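Shown here is one chain on its own, the form predicted alone, set out as structure tokens.
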């Protein structure tokens, strides 16, 4: 029996004034699945995930996460429910060290004198961060180094380790290999595979089709706010995907004409 989806989107629509950015989209993602969300610039994919992650509030339709219909009031609200989103800018504090970023907004404190005096428990946070990184087979030069001293791939690893430590139920990754060298791109793809093995579903937004075909199980393509196709990776190829992305192919339009 197939497991129910972790995330289920139904008839989702998001307007900005007279502009329909997301138009009546349906989408499911299942445990341990990597789903690539594709589309040209302005296709609506970023707006869609921002509705899921609490940045935007949708105008109509529904979002069901882990069996419960949700409407998040903020990204923090979504994160507290188990949806971690890693944008291209990573939302990391460059002046803070690795552990401080893993626990950013959820810092662990030590209490003294019956709770009258409090301080950050730096040792606890470093130990837990080290374990999270170790579980991903990631080694960093030092957990005490400011994030700004790390490479792009290492920063991605810290952001992913944060999600792993806080038991994310869904990971959304926006162009995670953008501006990375080939070795670091490979490492990020390995981390995505590790998340899959842990049963954590991943929504991957990427313009890099070789990356998509290397790690994704399924893909969905958006064009002008609409989802125009959804396919298993094994059932398509890069050339066909590009045709969907530019609007030359549209499965939903063909279905409407057949109906």
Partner chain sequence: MGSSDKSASKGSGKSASQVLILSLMQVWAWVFLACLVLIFIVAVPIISGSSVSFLSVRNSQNILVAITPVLLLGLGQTFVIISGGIDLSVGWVMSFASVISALALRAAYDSGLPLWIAVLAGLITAIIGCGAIGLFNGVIIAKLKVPPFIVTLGTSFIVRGMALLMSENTTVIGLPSGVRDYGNESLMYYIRGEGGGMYFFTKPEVTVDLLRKMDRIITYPVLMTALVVAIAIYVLRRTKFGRYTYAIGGNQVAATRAGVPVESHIIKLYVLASVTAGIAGFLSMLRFTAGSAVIGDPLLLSSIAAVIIGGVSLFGGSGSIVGTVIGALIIAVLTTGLVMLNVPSFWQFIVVGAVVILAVLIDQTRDIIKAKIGTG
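Residue numbers count along the first chain shown, from 1. Since the model is a prediction, treat every value here as computed from it, not as a measurement.
What comes next is about the form predicted together with its partner chain, which does not appear here.
Enquirer: Taking 4.5 angstroms as the cut-off for heavy atoms, does residue 105 touch its partner chain in the model of the complex?
Expert: It does: once its partner chain is placed as it appears in the model of the complex, residue 105 has a heavy atom within 4.5 Å of it.
Enquirer: May I ask you to check whether residue 134 falls inside a 4.5 Å heavy atom distance of its partner chain in the model of the complex?
Expert: No.
Enquirer: Could you confirm whether residue 182 comes within 4.5 Å of its partner chain in the model of the complex, counting heavy atoms only?
Expert: Residue 182: no contact with its partner chain in the model of the complex.
Enquirer: At the 4.5 Å heavy atom threshold, is residue 175 in contact with its partner chain in the model of the complex?
Expert: The answer is no: residue 175 has no heavy atom within 4.5 Å of its partner chain.
Enquirer: Please determine whether each residue of 100, 153 and 157 possesses a non-hydrogen atom within 4.5 angstroms of its partner chain in the model of the complex.
Expert: Yes, the whole candidate spot contacts its partner chain.
Enquirer: Give, in sequence order, every residue of 124-162 that has a heavy atom within 4.5 Å of its partner chain in the model of the complex, or say none if there are no such residues.
Expert: Sequence-ordered list: 125, 137, 138, 139, 140, 141, 149, 151, 153, 154, 157, 162.
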